[in-house]
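This document opens with one chain alone, in structure tokens, the form predicted alone.
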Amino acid sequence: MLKYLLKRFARSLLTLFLILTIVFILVRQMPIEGYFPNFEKMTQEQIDNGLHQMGLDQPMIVQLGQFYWNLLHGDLGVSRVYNRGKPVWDILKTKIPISVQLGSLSILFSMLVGLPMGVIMAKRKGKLADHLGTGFIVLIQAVPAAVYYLFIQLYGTELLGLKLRFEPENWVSWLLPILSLSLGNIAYYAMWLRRYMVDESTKDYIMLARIKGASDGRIMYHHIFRNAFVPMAQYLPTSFLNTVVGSIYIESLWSIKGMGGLLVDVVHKQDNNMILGIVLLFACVGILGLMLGDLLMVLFDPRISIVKKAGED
């Protein structure tokens, strides 16, 4: 197990290095006009001096090396545009808790609704509950998320008597953003759990359990659901990243002062250090989610080994 984790950690570092390097090179290709609010009124000397202060007059390889050297020392740099002169980490640490709370509550709500929904659809296959659930899944997957996000905001705020802007101190104002973020995961959990449970219900060990006289409830929850949940477990940690990424639009729509809205703002303002800091956090969450997914599969099903090679006894 330790050997496997070390290998995965090494691969994760390589993946993180590639992601950051690619993003670093891309953001350095942005027009220099974006770094200077009054670019048209500046002289060439002022522009050159500004680029020198930001280190943008150095060769790309030198800039990249300096970035990783600072990163190894825990220095993400300072914001050049968004909040000039303030350390990137000091800005991020005020935004992270909001996005984490929003994402965590969304995932919890998705599981509380999506998993029972998938079970009911599997139990009522071909009946009204299954058809209604399938209709909901098709609707969520077919309609662009931005459409039902706007629909929820416009009509939900009117129904609950809320303002269009998010108010963190008012718990009611959390409901609609959480609902909006949850819909995609609810549909995903329900669709795949139903599919896995229907597939498990046709296997020989289920027929044998019925012949032995096991009750339908025991077969459904102790055999079908338990085995069908194993492949679902791998997706649960990574779904947190998908939720955080989805919050980019949600946070902008509701003016939530979290990581999602911040990313849109700093990209627009071409604040390179801020962009790289946010990308670093998102990448770490995604990589950690993939590792936790593998470990959860082993936890829920001891028959699975992440250490043994294929064909090994």
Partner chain sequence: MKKLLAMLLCFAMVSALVPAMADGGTYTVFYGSEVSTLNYLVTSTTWDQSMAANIVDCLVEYNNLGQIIPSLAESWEVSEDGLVWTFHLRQGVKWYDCFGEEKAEVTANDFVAAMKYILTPEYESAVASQVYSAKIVNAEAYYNGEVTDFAEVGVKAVDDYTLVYTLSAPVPYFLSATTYVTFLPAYGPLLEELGADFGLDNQSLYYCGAYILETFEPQSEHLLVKNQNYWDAEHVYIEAIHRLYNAESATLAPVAALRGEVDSADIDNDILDDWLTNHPELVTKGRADLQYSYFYCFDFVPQYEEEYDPANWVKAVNNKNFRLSIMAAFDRVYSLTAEDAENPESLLANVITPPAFASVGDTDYVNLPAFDAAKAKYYSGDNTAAIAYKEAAIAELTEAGATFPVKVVLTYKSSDANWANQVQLVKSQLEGVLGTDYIDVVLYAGPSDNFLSSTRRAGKYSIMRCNWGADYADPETWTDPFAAGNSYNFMDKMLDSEYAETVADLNTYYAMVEAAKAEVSDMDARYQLFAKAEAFLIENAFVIPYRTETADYMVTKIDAFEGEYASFGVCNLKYKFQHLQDDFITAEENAASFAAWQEALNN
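Numbering follows the first chain given and starts at 1. Computed from a predicted model, the values in this text were never measured in an experiment. Between two forms, the rigid core is the largest collection of C-alphas that superpose within 1.5 Å.
FYI, the form predicted together with the partner chain isn't displayed, but the following is about it.
Undergrad: Considering non-hydrogen atoms and a 4.5 Å limit, does the partner chain approach Leu108 in the model of the complex?
TA: Leu108 lies outside the contact set for the partner chain.
Undergrad: Does Lys95 reach the partner chain in the model of the complex, with heavy atoms at most 4.5 Å apart?
TA: Because a heavy atom of Lys95 falls inside 4.5 Å of the partner chain in the model of the complex, the answer is yes.
Undergrad: Does Tyr82 make contact with the partner chain in the model of the complex, using a 4.5 Å heavy atom cut-off?
TA: Answer yes; at least one heavy atom of Tyr82 falls within 4.5 Å of the partner chain in the model of the complex.
Undergrad: According to a 4.5 angstroms non-hydrogen atom cut-off, is Gln270 in contact with the partner chain in the model of the complex?
TA: Residue-level check for Gln270: yes, a contact with the partner chain.
Undergrad: If contact means any heavy atom within 4.5 Å, which of 169-177, 69-77, 99-107, 146-154 contacts the partner chain in the model of the complex?
TA: The contacting stretch here is 146-154.
Undergrad: Scan 158-179 and write down, in order along the chain, each residue with a heavy atom lying within 4.5 Å of the partner chain in the model of the complex.
TA: Residues within 4.5 Å: Glu158, Leu162, Lys163, Leu164, Arg165.
Undergrad: Once you line up the core, how about Ile256: does its CA shift reach 2 Å between this form and the one not shown?
TA: Comparing the forms between this form and the one not shown, which are aligned on their rigid core, Ile256 does not shift its C-alpha by 2 Å or more.
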